[in-house]
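What follows is one chain in structure tokens, specifically the form predicted alone.
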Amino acid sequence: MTVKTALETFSAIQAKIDALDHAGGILYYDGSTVAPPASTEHRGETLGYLSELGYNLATSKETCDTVDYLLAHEDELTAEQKRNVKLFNKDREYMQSIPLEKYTAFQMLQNKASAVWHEAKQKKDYAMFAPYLQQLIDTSIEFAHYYKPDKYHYDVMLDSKETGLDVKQCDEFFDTVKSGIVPLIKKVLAKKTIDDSFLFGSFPTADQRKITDAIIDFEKLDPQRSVCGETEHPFTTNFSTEDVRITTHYYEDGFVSSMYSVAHEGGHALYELGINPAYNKTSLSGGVSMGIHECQSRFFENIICRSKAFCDFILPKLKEIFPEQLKGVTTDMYYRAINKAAPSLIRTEADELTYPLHILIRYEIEKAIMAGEVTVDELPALWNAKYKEYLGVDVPDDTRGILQDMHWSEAMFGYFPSYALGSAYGAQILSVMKKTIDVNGDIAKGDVSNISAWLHDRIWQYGSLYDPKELFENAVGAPFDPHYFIDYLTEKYTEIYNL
């Protein structure tokens, strides 16, 4: 074997694994959008079989010999080749640590749990989902112990979403954010409430789809490489730089929910579409971490699309679509309404200011779960108590409480902190971007080309070439500092509420 032949073999192996992942991803997307409810079992069996093929391929003797050879000769590899091999080897080691039958059974469990969660949410019945959640938690902990037996299992899960992240860092981050925004929230809530009643009423889905088209056009998502579907809980899935799919959910009593979910998922899609195409079918493809990914999505959703400049741009278009519903609404009225800060039940509908508290609640509950401090049956009561404590709201049912997010149904434990981290990353990025770009001027003109070019040059194109910490620090020229986020929120809400 030579380095040249080893790289050729490795490339062929990665292409085959990518094909299996592609097939499984299509099944997942189909199951979450248009597949009939009765298709769950058959789809689960197929996903189980595909995962078995992927496991066997990734851990075969040929694959292991090839990867081990390349690791032993890494001084003969380029930086990209070395990183690609190391990332692949990390995934291989994770797979090898788990028995095959348990690995494939877990894929099938996730598929079933997701389907049960959908039904339980519709029926407001947490008890339906609880047994599956218990299995997901137990298996996730078991797998973490297989992979890193000497490391705390929740730290393993956090690290899998954001390399290097652990409970200690999360605690420090949330303590900093809490100390900055809780006093600000109290000041805001003491002021006269903002009228946002015109955002609610009758907004037919067919017309809301025109807003989706307008947001997609504004963000310049390539229609040849991306598409928007409909689902219960919006998400983005990527197969390559030529195929990225976003989703949304329409509510006919208000257009803001879907509008901003499209803006959010569009940010995810732009990141994936902007990655170097040469990284397709390798471990360098895809965003490097959930924190960096949520940074991109929340940057477009909030920093761009909840800015006053964007309101200047989009309101005339909204009035064309809903002339009667938005009659007499001014830009200032609209800007203040979509940024109204108020305690609420639903994370995805929350304003920028109170949103971190929704994430804090989920993080604290996950910590308690993983530490064995709370049982699955006790989770709804704990959820409801924390919503009362942090946001002062009473949870009326499981659908608007513990069942509102899909993440736990897919065993995405350790994911939620990424949303708050991503928001904070975005504020620091904005402060640097403004030094060379007229951000608000461009947004007001409906032109995000300079903004996207900045993000592409410093973040998107690199995919997973760098660890998230290195990527972020290269982009902004400094270490991460959550105080930028506190300063951003303080400035924005001081102006909106005349504090």
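Counting begins at 1, following the sequence as shown. Note that the structure is predicted; figures quoted are calculated from it, not measured.
Keep in mind that the form predicted in complex with a further copy of the same chain is not shown, yet the notes after this line are about it.
Interface membership of Val227, defined by any non-hydrogen atom within 4.5 Å of a further copy of the same chain in the model of the complex, is confirmed. Residue contact with a further copy of the same chain in the model of the complex: Ala453 places no heavy atom within 4.5 Å of it. None of the heavy atoms of Ser431 is located within 4.5 Å of a further copy of the same chain in the model of the complex. Interface residue remark: His42 is counted as part of the site for a further copy of the same chain in the model of the complex, having a heavy atom within 4.5 Å.
Taken together, Val34, Pro223 and Ser240 are fully in contact with a further copy of the same chain in the model of the complex: each brings a heavy atom within 4.5 Å. Among Val448, Ala444, Leu471, Leu57, the residue placing a heavy atom within 4.5 Å of a further copy of the same chain in the model of the complex is Leu57. The contact residue chosen from Lys281, Lys82, Lys386, Lys112 relative to a further copy of the same chain in the model of the complex is Lys281, the criterion being a non-hydrogen atom within 4.5 angstroms. Proximity to a further copy of the same chain in the model of the complex, taken as heavy atoms within 4.5 Å, picks out 42-50 from the listed stretches 59-67, 42-50, 434-442, 463-471.
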